[in-house]
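Just one chain follows, in the form predicted alone, and it is written as C-alpha cells.
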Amino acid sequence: MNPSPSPAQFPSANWTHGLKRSVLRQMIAVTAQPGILSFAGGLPAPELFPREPFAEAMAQVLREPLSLQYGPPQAALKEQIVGLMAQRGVSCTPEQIFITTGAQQGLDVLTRFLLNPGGTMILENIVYTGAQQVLAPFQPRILTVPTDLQAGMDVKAIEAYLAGGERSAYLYSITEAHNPLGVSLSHTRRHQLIEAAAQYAIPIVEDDPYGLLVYDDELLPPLRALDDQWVIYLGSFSKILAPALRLGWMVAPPALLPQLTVVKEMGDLESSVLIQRAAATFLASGHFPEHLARLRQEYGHRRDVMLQALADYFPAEARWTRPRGGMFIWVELPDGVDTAALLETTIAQEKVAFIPGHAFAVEPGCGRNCLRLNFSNATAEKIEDGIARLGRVIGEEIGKIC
C-alpha cells in the first residue's frame, strides 16, 4: 500500500511555487526578541489607541439584540465615513461607500475585479509589499517606473508606457506619505496622473491609509478630490483608530458596487458587523476629533525627533526623505552598502531593527543600499537613542567601502 502524501507534497497552483513570507512578516519574530528596539514595523503607537471610549462603544453595541448576528454593511458607519472623507476634501455619498475588512481587502477585491491573469501592471519600482502580494496570484507582466524622493511617482514614465501602447489594469498610487518612501505626490504630478488616466481610460486605485495623518500645514487634495470618475479611493481605520479592527472602506462609483460585493463575498462573505457598529458608535460619540489631533501632534513630534537624530548621528554620505505625514522615513546609503547584511550586524551589535530596502523592490537588486525607518511606534527618547546606535553601525560600514 502506497503511503499517503504529506501536505508538503500536495499539488499547488503554479503561482505558489517558491512562495515566501514577506520580509516584513519575517521581521515580527526578530523584533519580538527581548531588548530589540524596532523601527521596522508599520505599527501605530499602542499607548495612543482610544481603548476606553472604544470599549464604551463596544459595550453599548453588545447590548443590542442583533449585535452578533449576520448583517449588511452598516449605514451608520457609511454616514460617518462620508464625514471623514469631507475632512480629506472629498465629496461623496453613503451610496458610494463600500466597507472592507481593512484596506488590504479593498486592494485585493479591486485587483481581482480589474486584472486578468497574465495581464499588465505599471508599478513604482519601490512600493508597498501588500500591493505586490495581491498581484502575485495573477502572475502579471509588470512594468516599473522610478519614484522621485521629493515629488513622488514618475508620471511622465507612466505616460511614456501608455503612449507606446501599453495598458495597465489600473494605476496604483499611494498619494500621501508613501509606504515605504515617505514621499507625497506633488500637486503637479497629481493632476498629471489624473489626466493620463482619463486620456487612456485606465482607473486609478488611490491607497490612502495616511491621508488624515499629515503634520505640516500644507494640505494637498487626494486624487479622489480632483476626479470622481477614474479614481477609486481606499481608506483604512488601521492607522487612525486601531489595526486590530481590520476595517476599511472604498469610495467607488455606485454602478460598480454590486459586482465588487460579489467579489468580496468570495473572500469573507461580509466584514464584521460587530466591529462596524462599534466603530460607527465610537465615531458618533464625538471622541474622534480629539483622538486624531493627539495622533497628529505626537506622530509629528516623533517624526521631527527622528529627522533631527538622523542629521545628528548619520554620516554625511546618507540621505533621507522628509515626510509630510504618515509613519516612515526612507534612507539611502552609498552604493556598496548591503542593508540586508547591515541589519544582521545592527541587531547583533546594537539591538536595533529596520526593514532593508530590497524588501519593497519590484525588480530584484533594487533598494539594496536603502532602508525604511518607522517613527510612530517608539517614544522620542527611544528614537534618539536608537538612531544614534544605528548611525554608529552605518558609519563603520561606510568607512569600510570608502
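Residue indices: 1-based, along the sequence shown. Please read these numbers as outputs of a predicted model, since none were measured by experiment.
Separately, the form predicted together with a small molecule exists; it is not shown, and the next lines address it.
Note on contacts: among 324, 78, 246, 287, the single residue with a heavy atom within 4.5 Å of the small molecule in the predicted complex is 246. For the options 221, 73, 102, 137, the residue carrying a heavy atom within 4.5 angstroms of the small molecule in the predicted complex is 102. Using a 4.5 Å cut-off to the small molecule in the predicted complex, each of 174, 179 and 207 places a heavy atom inside that distance.
In summary, the region of this chain contacting the small molecule in the predicted complex, judged by heavy atoms within 4.5 Å and restricted to 273-281, 235-243, 183-191, 157-165, corresponds to 235-243.
The small molecule in the predicted complex comes within 4.5 Å of no heavy atom belonging to residue 230. Although the partner is absent here, residue 128 sits close enough that one of its heavy atoms falls within 4.5 Å of the small molecule in the predicted complex.
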